[in-house]
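Only one chain is included here, represented as structure tokens and corresponding to the form predicted on its own.
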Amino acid sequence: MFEKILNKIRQIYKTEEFIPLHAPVFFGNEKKYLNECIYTTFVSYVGKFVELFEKNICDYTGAKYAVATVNGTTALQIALQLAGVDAENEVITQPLTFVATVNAIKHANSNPIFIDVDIDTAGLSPEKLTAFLKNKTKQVDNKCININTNKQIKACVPVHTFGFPCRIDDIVEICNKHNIIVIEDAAESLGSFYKEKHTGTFGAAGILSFNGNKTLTTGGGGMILTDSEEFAKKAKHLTTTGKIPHKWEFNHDVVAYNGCLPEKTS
């Protein structure tokens, strides 16, 4: 089957050479803005271009806050950690996704629980999710407990596969009933709307990716979307080494990450 699909693609493109999933196109002011950034020497840390990028993403998606990160995996890991995910609990996600989704869950010291997808959306199935929660979990002190592992299921990460929105409103409703936090993996779905609302803005948080094969690229890059000011502030703090603002002193109040988006790539 794979060979048939590959041959069909090669027939369409009329080539035996490498065919990329997506080739970035730069035809605007990219070089002009890059030169401006280099001229300021403010190339590595958060500056005006990163802040403008965050604002523009908020304006487009409708999210109240956006925090730029070095990549989408980091964005998801930080969002999960801020949701309280750690080694003592588990995270529901789907098997049909890129490995970065599960890597982020593991980086947050948690383990994934795989729930099947709907064939028409390629996203997490609300029906399968409901069946799993009904048959394999119980509620204890407002916590969703996995009967098999006795661990709390803390979060759910549905994926908008290839930009196709999953039935995210149903998923959020189901998870709310079971005290599970929804963090959307909208890495591939910038520009995708579901019921007139942008993907990544339904749950407690959502993440975007700006890798070279995405709708919009910064080379690498990612973004955390949220309507919570507290969540956004903590995300910014964790991705900028946990440094307490000061003109010259370097004091850090948390073990954090150098996970911000470099100015030269925004």
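Quick note: we count residues from 1 along the sequence shown, nothing fancier. Every value quoted in this text rests on a predicted model; they were computed, and no experiment measured them.
Form predicted in complex with a small molecule: not shown, discussed below.
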Exercise: T199 in contact with the small molecule in the model of the complex, heavy atom 4.5 Å: no
Contact with the small molecule in the model of the complex for A187, defined as at least one heavy atom pair within 4.5 Å: yes or no? yes
Close approach of T97 to the small molecule in the model of the complex, 4.5 Å, heavy atom: yes
Do T239 and the small molecule come within 4.5 Å of each other in the model of the complex, heavy atoms counted? no
Please tell me whether the candidate spot formed by Q81, G206 and T226 is one where all three residues come within 4.5 Å of the small molecule in the model of the complex (heavy atoms). no
Tell me, please, which stretch of 227-235, 23-31, 47-55, 64-72 lies within 4.5 angstroms of the small molecule in the model of the complex when heavy atoms are compared? 64-72
Could you check which residue among I115, A155, L133, V159 gets a heavy atom within 4.5 Å of the small molecule in the model of the complex? V159
